[in-house]
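To begin, one chain is listed below as structure tokens, in the form predicted on its own.
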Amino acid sequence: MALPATLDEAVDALAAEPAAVPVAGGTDLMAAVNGGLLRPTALVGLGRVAELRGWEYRDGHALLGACLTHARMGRPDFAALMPGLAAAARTAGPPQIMNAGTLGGNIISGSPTGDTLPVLAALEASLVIAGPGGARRDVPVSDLLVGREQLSPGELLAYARVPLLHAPQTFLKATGRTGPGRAVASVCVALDPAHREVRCAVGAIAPVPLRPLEAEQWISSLVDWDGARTVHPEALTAFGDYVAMTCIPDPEPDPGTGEIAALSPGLIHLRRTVAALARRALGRALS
């Protein structure tokens, strides 16, 4: 197992052993190994790479190291910087998961229930990928999650570049019986006063976070951006329903008969859950 001390050393170690797997907290990696889904031939440990465990301000953005743990992101000083990510990190699971699991691991694993993913999607974050020879490239987080971009051999996720909106952000999730803290649905709402936008992303109900863009545009047009940033309570309810219908639409009509099948009871319940989360998340952000 290689134990590099710098980011460039970590990239060199991966380039020298293309089959090697980088590991920081190892929460998802060890679950895959224990489940027989992965048998890495070599590991590159990132625990000594100090530059990946912190964050810094740069050009109106926060540059977040990929090895930031959920526990670290949940602390008050980070919450003042990134309230949405802090709220998501605090719900990631039991203490052993929060202390070991990392932002980068959440992104690379790409699990639909990854709590930070809808927050990063709503904030329109990008990822800084480090490559051999000091190469760096930026990739929209959504492009990596949907597979439009992939890491090449020798590349490593180094940072998440997140815009600082200086406005309220909320994250809420509903959990079920699938595991400790594991979401069945989650919603992030972020206000962007500079662009007079409400941003929203829904997690856990699809392979990647969903952005209900039409619902965002509709509710953004109703917010009093120059005043109290409030909307009528009925608009909150309508927004929740709009988000839920967008993310969990009715089935398509049957091509032969034109009939529309009814949603299953499970999807009806999930739609109601998403609507309630979106309504509450927006209400808290505006309050």
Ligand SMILES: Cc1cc2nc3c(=O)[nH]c(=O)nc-3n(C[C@H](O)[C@H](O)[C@H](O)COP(=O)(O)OP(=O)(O)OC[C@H]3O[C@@H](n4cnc5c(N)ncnc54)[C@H](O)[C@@H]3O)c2cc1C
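Position 1 is the first residue in the sequence shown; the rest follow in order. Source: prediction; values computed, not measured.
Here the subject shifts to the form predicted in complex with the named molecule, a form of this protein not shown in this document.
Peer 1: Tell me the stretch among 92-100, 79-87, 207-215, 192-200 that has any heavy atom within 4.5 angstroms of the named molecule in the model of the complex.
Peer 2: Result of the contact check: 92-100.
Peer 1: Quick one: from 160, 185, 122, 156, grab the residue that has a heavy atom within 4.5 Å of the named molecule in the model of the complex.
Peer 2: So the residue touching the named molecule in the model of the complex, by this definition, is 156.
Peer 1: Looking at the named molecule in the model of the complex, do all three of 2, 40 and 131 come within 4.5 Å of it through at least one heavy atom?
Peer 2: No, because 2, 40 and 131 lack any heavy atom that approaches the named molecule to within 4.5 Å in the model of the complex.
Peer 1: Do residue 106 and the named molecule share at least one heavy atom pair within 4.5 Å in the model of the complex?
Peer 2: Because a heavy atom of residue 106 falls inside 4.5 Å of the named molecule in the model of the complex, the answer is yes.
Peer 1: Counting only non-hydrogen atoms and a 4.5 angstroms cut-off, does residue 241 reach the named molecule in the model of the complex?
Peer 2: No, residue 241 is distant from the partner.
Peer 1: Is residue 24 a contact residue for the named molecule in the model of the complex, using a 4.5 Å heavy atom cut-off?
Peer 2: Yes - in the model of the complex, heavy atoms of residue 24 and the named molecule come within 4.5 Å of each other.
Peer 1: With the partner left out of view, is residue 151 within 4.5 angstroms of the named molecule in the model of the complex by any non-hydrogen atom?
Peer 2: Close contact exists here: in the model of the complex, residue 151 approaches the named molecule to within 4.5 Å, heavy atoms only.
Peer 1: Relative to the named molecule in the model of the complex, which residues of 193-213 have a heavy atom no more than 4.5 Å away?
Peer 2: Residues within 4.5 Å: none in this stretch.
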